[in-house]
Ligand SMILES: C[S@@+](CC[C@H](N)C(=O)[O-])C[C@H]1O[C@@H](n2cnc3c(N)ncnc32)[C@H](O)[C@@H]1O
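Have a look below at one chain only, the form predicted alone, in structure tokens format.
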């Protein structure tokens, strides 16, 4: 058995490993090293798969927001290693896209070049490049690298028609404060669309899917607060935030705890009964062991492992 497997099989050793990794991430941050493999979504993908993924993410935003196109000024949080989604947004009618990323995802420049060349052959896309198709020549793109979403939206004077993210909010150090700043940065009639993954992102793979909720808050902080690992802000936190501000909004479920299958965004009552019951059974099996701050949450809330948050000003 390899050392990695030995560590992964033991939750205490796993926690100790993440404490070390978190310290190492903090050390790199102090040195100004923002490189990360997190967000390198297209690494190793075929060209076809990369383009299909870009199309899916863009189509999902339109579907979630029930809109036909983007317009005006758009903020995309955590674009990762490629600006293909930003290109789709610009081609659909937006004047500018502000891409915000605390980190610097490691990217394969040859892979990226092929993606941009492929996209540039689409109708309308060729006009989005000022020269050779690459990320440095995208017209209307403003890249804010090395700045957190919390910091950006608190300080910016720009007002946005749309603020979007996918699998990013769970990595923010203070997502609820960031959401408040985003709401303030929306134009009247503006919309935010956030797809949020509430799982542990493989931190305790092979164990119960809610094992990460067994860790006390002090230990979790020193495991995650410098590395960008999941923040454990869960469904009721987001629903409460949505209900306590002036935005009109909605909340849909995309994943259930312990269920591999992804769900078309829907309300709890719309999810098939058997699927809900299976997830609730998995939650109940560990609830007595989880940290006290989650003990009072409804089983149905703990069953939500992924969601889409929509807010309109």
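Numbering follows the first chain given and starts at 1. In this text the structure is predicted, and so the values were computed from the model without any measurement.
If you look for the form predicted in complex with the ligand, you will not find it shown, but the lines that follow are about it.
Visitor: Spot the stretch among 232 to 240, 159 to 167, 107 to 115, 132 to 140 with residues whose non-hydrogen atoms come within 4.5 Å of the ligand in the model of the complex.
Guide: In the other structure, the partner sits against 159 to 167.
Visitor: Check each of 179, 74, 172, 198 and return the one that places a heavy atom within 4.5 angstroms of the ligand in the model of the complex.
Guide: Looking at the other structure, the residue within range turns out to be 172.
Visitor: Name the residue from 120, 92, 211, 148 that puts a heavy atom within 4.5 Å of the ligand in the model of the complex.
Guide: Exactly one listed residue reaches within 4.5 Å, namely 148.
Visitor: Residue 98 versus the ligand, in the model of the complex: is there a non-hydrogen atom within 4.5 Å?
Guide: No, residue 98 sits far enough from the ligand in the model of the complex that none of its heavy atoms falls within 4.5 Å.
Visitor: Residue 102: heavy atom within 4.5 Å of the ligand in the model of the complex?
Guide: Residue-level check for residue 102: yes, a contact with the ligand.
Visitor: I'd like to know whether residue 41 contacts the ligand in the model of the complex, with contact meaning heavy atoms within 4.5 angstroms.
Guide: Yes - in the model of the complex, heavy atoms of residue 41 and the ligand come within 4.5 Å of each other.
Visitor: Heavy atom to heavy atom, is residue 79 within 4.5 Å of the ligand in the model of the complex?
Guide: Answer yes; at least one heavy atom of residue 79 falls within 4.5 Å of the ligand in the model of the complex.
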